[in-house]
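This document starts with one chain, in the form predicted on its own, laid out as structure tokens.
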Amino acid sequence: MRSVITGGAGFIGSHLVDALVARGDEVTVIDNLVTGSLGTINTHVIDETVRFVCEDLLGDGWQDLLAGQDRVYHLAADPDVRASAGSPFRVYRENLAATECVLEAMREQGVTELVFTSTSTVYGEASVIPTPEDYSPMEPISIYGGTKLACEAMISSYAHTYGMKAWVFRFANIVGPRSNHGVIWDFVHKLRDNPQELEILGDGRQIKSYFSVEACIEAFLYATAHAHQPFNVFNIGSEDWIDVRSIAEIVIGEMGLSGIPLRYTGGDRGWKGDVPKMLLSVERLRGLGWRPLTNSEESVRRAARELVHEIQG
């Protein structure tokens, strides 16, 4: 298969590149390297199994790269939920406007398959937990979640209007190597700067699902091979959750520390737009024959260990 990956030098994107190269796809990566790093895929670029193009999706010059391609994996986005409150127009441009540019380029170049990485934050503060894909009303409480839900709407309209096929994946918290943001990354860097205490945003009781990036990639490649509606939506995550205080204790242990005082900023949210409780139903994916093989604690512990190793290495 000939595949284009936007944001392919980022955290999840680079792991997708690894998986597609391993199965023999012809892969083109488009990334402006604002949040991604060429180092994550440089081995593939050097051995010419991946074509890399440094372009901004809001600009011109990259659209012709889609000619003759079978599928676009659109992962490029501003990934920072917490920071989105401080820069809503930037997040709108990098998430929603960029997605519209991708859809238009696909329409013009005749590419009919799109895989899109969405987020659990589209649900807002769901009253049904675990939250299924058909939950309503969808009321995001973060700018990031709002842009992702708007992206889903545009993708659905293009799929039905222009005969495309789309797969949308709403992720839990995905963790693992090459991540450059999130609670584990935050804790590790805070403890490196000050091993005398650890600041925790909120009250530490926020409880959410965490899932390893490798398992996430396996799940959505499985779904694209087994779901064939014009517009397919799936949750991806573990079937349990873990609270922030427990994550802090895991990170402290993986860094070889002990007895670190925890200092809470207070309140039931870590930041404006934070969803204190999140657990996704994965029954729709299970119905295709897939199920998660790792839980939240395992995913967090492995991610913390790998991040500490990356930094110390």
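Position 1 is the first residue in the sequence shown; the rest follow in order. Please read all numbers here as calculations on a predicted model, not as lab measurements.
Although it is not shown, the form predicted together with a small molecule is what the next lines describe.
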query	finding
Option touching the small molecule, based on a heavy atom within 4.5 Å in the model of the complex, out of Ile143, Leu198, Leu149, Ala172	Ala172
The single option of Arg107, Arg82, His181, Lys165 touching the small molecule in the model of the complex, heavy atom within 4.5 Å	His181
4.5 Å heavy atom contact, Val91 and the small molecule in the model of the complex	no
Residue contact check: Gly270 to the small molecule in the model of the complex, 4.5 Å heavy atom	no
Residue contact check: Val72 to the small molecule in the model of the complex, 4.5 Å heavy atom	no
Partner proximity in the model of the complex: Val17 to the small molecule, non-hydrogen atom cutoff 4.5 Å	no
Residue stretch of 24-32, 41-49, 64-72, 284-292 approaching the small molecule in the model of the complex, non-hydrogen atom distance within 4.5 Å	24-32
